[in-house]
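One chain is shown next in structure tokens, namely the form predicted on its own.
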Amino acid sequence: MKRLLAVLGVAAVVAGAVVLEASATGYIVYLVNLLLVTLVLSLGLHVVIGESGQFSLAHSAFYGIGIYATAIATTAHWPFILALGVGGLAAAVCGLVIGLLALRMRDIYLALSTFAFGEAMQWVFLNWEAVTGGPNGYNIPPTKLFGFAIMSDREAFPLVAVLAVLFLAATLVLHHSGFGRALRAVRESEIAAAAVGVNVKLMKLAAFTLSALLAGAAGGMFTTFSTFIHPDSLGFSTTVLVLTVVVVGGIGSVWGVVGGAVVFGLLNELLRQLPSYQEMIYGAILMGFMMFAPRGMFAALRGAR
């Protein structure tokens, strides 16, 4: 039954992609691309919070590192696959460093240290003008794939969709693997996990590194359909958005993250005209779910059936 549902799900996604490609407006295609990038970015935070139980507020920084590293490699005429690898790897190295810090801290201290890293990286994005363009932003050149230049959101959509499906599938495989079970054992109790032979330090390092890799890859995907990046879009509001997706979608649930990315990705677009109220509204939503549905939206919907 599960295989039948999976096949039907894949068929529905393919049919939806064909219809979208053929009939949707340019704005709708852009919005879907953005939702897919938000999904991969949120999957990265899911790995570190939902699977291993560690707290991180640095994902907008990892995302920005992925964007700038991929864009710079693309400017140097590197093939897109290599440029995407550079973006993901650069973010993963930073994630590894944060993971080393995580071995010494937990709870509020870990949250504060990752928040500080995110703020420090935004300062770097704003002031390292020779590399990032500073407050003037960075013009991202068109992505080239197998010699063909991607010049529009519609041309980028198949590539973004394939990458999002691949990263989603990889996250599902991780969730159901022995490695995923070891991460969740660390989340539930580090002492109990160590007692049954789980290398807690290695699991924490792996979680932060893989999490940052996904965030960097999301940044690389963003460069396929966007022509410009400014540091202001990589601030705390992006972290709040992704945190809301993971927490309200359902901590520990991959499909909860998928639902949360769709709902809050669309809400983020609707609130774009009210930037002063975005963080306040997300904060109220987070407080409401923590008080009345702490297991998240996905679990609440399943319980209501």
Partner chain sequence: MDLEVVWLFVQQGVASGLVSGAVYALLALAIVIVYRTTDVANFAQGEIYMAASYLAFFLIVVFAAPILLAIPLTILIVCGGAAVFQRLVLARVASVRGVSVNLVIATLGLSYFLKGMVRFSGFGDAPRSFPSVVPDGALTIGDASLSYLDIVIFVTSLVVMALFFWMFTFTKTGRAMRAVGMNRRAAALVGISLTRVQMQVWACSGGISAIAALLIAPKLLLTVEMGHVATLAFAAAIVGGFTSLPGAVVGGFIIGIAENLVGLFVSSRAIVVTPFVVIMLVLILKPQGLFGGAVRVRKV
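Please read all numbers here as calculations on a predicted model, not as lab measurements. Residue numbers count along the first chain shown, from 1.
There is another form of the same protein, the form predicted in complex with the partner chain; it is not shown, and what comes next is about it.
- Of the stretches 32 to 40, 257 to 265, 59 to 67, 276 to 284, only 276 to 284 has residues with a heavy atom within 4.5 Å of the partner chain in the predicted complex.
- Three-residue candidate spot Val93, Gly197 and Val200; no residue lies within 4.5 angstroms of the partner chain in the predicted complex by any non-hydrogen atom.
- A residue is said to contact a partner when one of its heavy atoms sits within 4.5 Å of a partner heavy atom; Phe80 fails this definition for the partner chain in the predicted complex, lying far away.
- In the predicted complex, the partner chain stays beyond 4.5 Å of every heavy atom belonging to Phe157.
- The closest heavy atom approach of Asn136 to the partner chain in the predicted complex falls outside 4.5 Å.
- For His176, no non-hydrogen atom is located within 4.5 Å of the partner chain in the predicted complex, even though that partner is not displayed.
- For the candidate set Val131, Val165, Leu145, Met105, a heavy atom within 4.5 Å of the partner chain in the predicted complex is found for exactly one residue, namely Met105.
- Exactly one listed residue, out of Leu172, Met151, Leu89, Leu101, brings a non-hydrogen atom to within 4.5 Å of the partner chain in the predicted complex: Leu101.
- Along 109 to 142, a non-hydrogen atom within 4.5 Å of the partner chain in the predicted complex is carried by Tyr109, Ala111, Leu112, Ser113, Phe115, Ala116, Phe117, Glu119, Ala120, Trp123, Asn127, Glu129, in order along the sequence.
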